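A single chain, nothing else alongside it, follows as structure tokens in the form predicted alone.
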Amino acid sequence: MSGTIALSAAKLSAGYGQKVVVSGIELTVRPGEVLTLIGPNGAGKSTVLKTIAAQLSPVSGTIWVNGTDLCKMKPDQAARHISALFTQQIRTDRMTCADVAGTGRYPYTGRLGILSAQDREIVTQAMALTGVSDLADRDFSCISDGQRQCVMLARAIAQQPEILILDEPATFLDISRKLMLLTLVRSLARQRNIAVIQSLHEIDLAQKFSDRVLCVSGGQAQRCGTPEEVFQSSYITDLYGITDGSYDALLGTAEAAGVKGEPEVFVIGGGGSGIPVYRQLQRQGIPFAAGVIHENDIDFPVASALAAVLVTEKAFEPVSAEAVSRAKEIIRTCKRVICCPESFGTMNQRCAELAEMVNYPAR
């Protein structure tokens, strides 16, 4: 990433008229960097993006684009620096997808909006990048929401911006398209030295595809830093007010709330083998116990979130006789024992004793 600054904001308050929606915005984005805004619905992420895209005037504070006050730029001048994709649907009248993508060249075509051969080549390349070349001659109003999103991204890319602003770009897309789009955005940032500012609802993807993350909640711009600094389980839980479940920042996964009560089933897990069973029992509303799980095992975070009772062992230590004894006590109170691993290794060899109780008489 470049050491220069593409866009910065200081003491910025974003809103409508004089009504402040988000205050305390301090940010700096460099060429080649991806900054992602996260936060609960209605927090004001879109309002912030519209403000730094010059679609809304700041309530207070200043935005600089390459050292120039954005508010002092003419619209056509700003459009040569900034390209934006927002979630609202655009209205078209018998426009093909290529026509829509071609509007990204308007900042360069003059008042008549006539595309040159070079402009058309740029549009063609942008549509190829976003995987919508086959839609070029299709009516924009007759394609799916996900396809429209990709065409609109092609439009934004065709504008050849220095700063690309994306409001929930993964909305409407299936998982394959989400990954394709976010990989493309990151590649564009690196290869074309574009500063990207986006918002995402998919916080697991924000964690994986961002260089820095800005959190917005309660009318304030809050924590800003690298994904490693921002994504801590307790902070994400507070940021989103999670009460019906949990979020594990290490794995980037959300889990439903576990079923409370006396365990009816004991699950012998480990090495990821127990995870599908834990989730199935949770969906069925059956309280269960699990063990013996090492604290560094991939099963551990899911079992911790979903099991009514969990028997654990310290990381890198062999399963102890005490842990096995505790697990046996719980098994004797359960109706059923499920053994998920097909075999046991050196560190969890004692769990084989628990596997012998799979046919233990139901109480």
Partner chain sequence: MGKKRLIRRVAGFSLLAVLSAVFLVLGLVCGSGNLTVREVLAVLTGQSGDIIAIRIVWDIRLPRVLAALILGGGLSVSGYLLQSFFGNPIAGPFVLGISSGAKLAVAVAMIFSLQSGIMLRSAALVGASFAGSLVSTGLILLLSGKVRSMARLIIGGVMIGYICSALTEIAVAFADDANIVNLHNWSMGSFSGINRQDIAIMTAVTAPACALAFLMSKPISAYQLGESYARNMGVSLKPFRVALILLSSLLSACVTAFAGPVSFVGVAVPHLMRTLFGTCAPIIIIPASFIGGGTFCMACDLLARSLFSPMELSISTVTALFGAPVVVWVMLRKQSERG
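All values reported here derive from a predicted model rather than from experimental measurement. Residue numbers count along the first chain shown, from 1.
Another form, the form predicted in complex with the partner chain, is not on view; read the next lines as being about it.
Novice: Sort through 71-79, 251-259, 185-193, 202-210 and report the only stretch with a non-hydrogen atom within 4.5 Å of the partner chain in the predicted bound form.
Specialist: Result for this chain: 71-79.
Novice: Just to confirm, with a 4.5 Å cut-off on non-hydrogen atoms, which of M95, L129, C224, I242 contacts the partner chain in the predicted bound form?
Specialist: Looking at the other structure, the residue within range turns out to be M95.
Novice: Considering non-hydrogen atoms and a 4.5 Å limit, which listed residue (S233, T109, T171, Q160) is close to the partner chain in the predicted bound form?
Specialist: Result of the distance check: T109.
Novice: Taking 4.5 angstroms as the cut-off for heavy atoms, does E264 touch the partner chain in the predicted bound form?
Specialist: Taking the distances in the predicted bound form, the answer for E264 is no, it never comes within 4.5 Å of the partner chain.
Novice: D137 versus the partner chain, in the predicted bound form: is there a non-hydrogen atom within 4.5 Å?
Specialist: Yes, D137 sits close enough to the partner chain in the predicted bound form that at least one of its heavy atoms falls within 4.5 Å.
Novice: Wondering, does D119 line up within 4.5 Å of the partner chain in the predicted bound form on heavy atoms?
Specialist: No - in the predicted bound form, heavy atoms of D119 and the partner chain never come within 4.5 Å of each other.
Novice: Report yes if any heavy atom of R91 sits within 4.5 Å of a heavy atom of the partner chain in the predicted bound form; otherwise report no.
Specialist: Close contact exists here: in the predicted bound form, R91 approaches the partner chain to within 4.5 Å, heavy atoms only.
Novice: Verify the flagged residues L85, T103 and R155 against the partner chain in the predicted bound form: is each one within 4.5 Å by a non-hydrogen atom?
Specialist: Spot residues vs the partner chain: full contact, yes.
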